[in-house]
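One chain comes next, on its own, written out as structure tokens in the form predicted on its own.
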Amino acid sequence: MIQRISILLLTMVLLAGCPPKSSNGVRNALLEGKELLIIYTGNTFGELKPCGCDKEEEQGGIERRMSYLKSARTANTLLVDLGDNFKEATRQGKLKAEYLTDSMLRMQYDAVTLGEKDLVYGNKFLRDLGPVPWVSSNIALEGISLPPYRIKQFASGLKVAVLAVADADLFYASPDSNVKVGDALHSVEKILPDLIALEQPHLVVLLSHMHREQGLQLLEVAGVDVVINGHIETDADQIDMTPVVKGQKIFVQPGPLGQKMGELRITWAAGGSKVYDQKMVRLDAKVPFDPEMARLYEEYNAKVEDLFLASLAEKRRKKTAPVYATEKTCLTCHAPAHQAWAASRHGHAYATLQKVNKSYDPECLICHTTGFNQPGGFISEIDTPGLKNVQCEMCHGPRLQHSQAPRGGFAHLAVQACQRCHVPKHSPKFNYGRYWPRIQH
């Protein structure tokens, strides 16, 4: 009996003195063969749905995202977002932010961190969005509780800890502001040891919102297994989505505008070692629309139409004197050029919006009409029918005076004008030299 007790005590002492198999939790033979799927998004910039201007960029949108999630999710799936879901400080931008957040709540995200663009509508807006699973280890927002980490416990026994940090230099933070941002690295190193001791997670995922070079440095933090980083300055920025593996750690980044879904599949092998399999999934036409999200998007469209109609009274009241000659006037002196224009897609741009029920969407009208939101420009199909489509003066500037007193010297303006609408997300292959022959006149 004494011998059995002594052996038991000795065993307990030995176990107590042994270091854990990993710095971030218990990993034993029971983990062998287990698999975790991490799905990650970020940099959505309010893109509820691709505009459809270019087939190559006909990717993304909440309708396809939900459909993908329903088919891809497994019992062991962690869904996270890297922030910068919002964009412009406009009424329509704010409306898009509300509906995008609503869609993410329905998609049941496990953790969402903040990018600097997500503060564009203020703290109260964020607070009123509902139970978004925000997480941040180094951001403090006045009036909002941001947990420093989140724990996801799966029925399979897997336990994952999710932390999040952002680069303080990306945020406007001052002693008088309602946002405080601490040092990212210091915050993680301060929180992680106690978190690991208390929760004993099998995996630590660190969400970071910063430049790629800074995010890569977080792989050096002891205890962190996975770094998922997201940040771009504009929606035209290129993102390096190539994963970086360093020992048993991995670094990945989401694509822009919700066009692709990041998948990181982690399998535990013998001895607790991990095998990573990462890929980006295109949300293109092969992915069907989810009915629930399609209804939500139509609800958003109705709200956009309400905004457009509400703005008409103000625009009619402020209507200025005409400054555009219109294509019909241009025709009188420039018949061959007008013929080339009429046969081009520019000459039918407004009809394109009508086909997809977007002739009231300000974000579309600006590139499918002449002078929208400009003095004397397009107001509505009823108010200014002569300014529908991308007419001559979209490239050559308002020329009513020119029609009354003709003189040349306007061709050089066209090159710069093209770049206002032919941006990467609408026209990724745009090259003036190749596109000009299509409308040459």
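Just so you know, these numbers come straight off a predicted model, no measurement behind them. The first residue of the shown sequence is 1; numbering continues from there.
This next part talks about the form predicted together with ligand HEC, which is not shown.
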> Of these, 61 to 69, 386 to 394, 372 to 380, 32 to 40, which stretch puts a heavy atom within 4.5 angstroms of ligand HEC in the predicted complex?
Replying inline: 386 to 394
> Which residue, C367, L95, V120, L158, has a heavy atom that falls within 4.5 Å of ligand HEC in the predicted complex?
Replying inline: C367
>> Just to be sure I understand the contacts: of T90, T332, S273, S311, which is the one whose heavy atoms reach within 4.5 angstroms of ligand HEC in the predicted complex?
In response: T332
> Would ligand HEC in the predicted complex be within 4.5 angstroms of a non-hydrogen atom of every residue among A337, E363 and V423?
Replying inline: yes
> Does L185 reach ligand HEC in the predicted complex, with heavy atoms at most 4.5 Å apart?
Replying inline: no
>> Considering non-hydrogen atoms and a 4.5 Å limit, does ligand HEC approach W341 in the predicted complex?
In response: yes
> Going by a heavy atom distance of 4.5 Å, is A349 a contact of ligand HEC in the predicted complex?
Replying inline: yes
> Hey, in the predicted complex, is L105 touching ligand HEC, heavy atoms inside 4.5 Å?
Replying inline: no
> Since the partner is left out here, which residues of 75 to 105 would have a heavy atom within 4.5 Å of ligand HEC in the predicted complex?
Replying inline: none
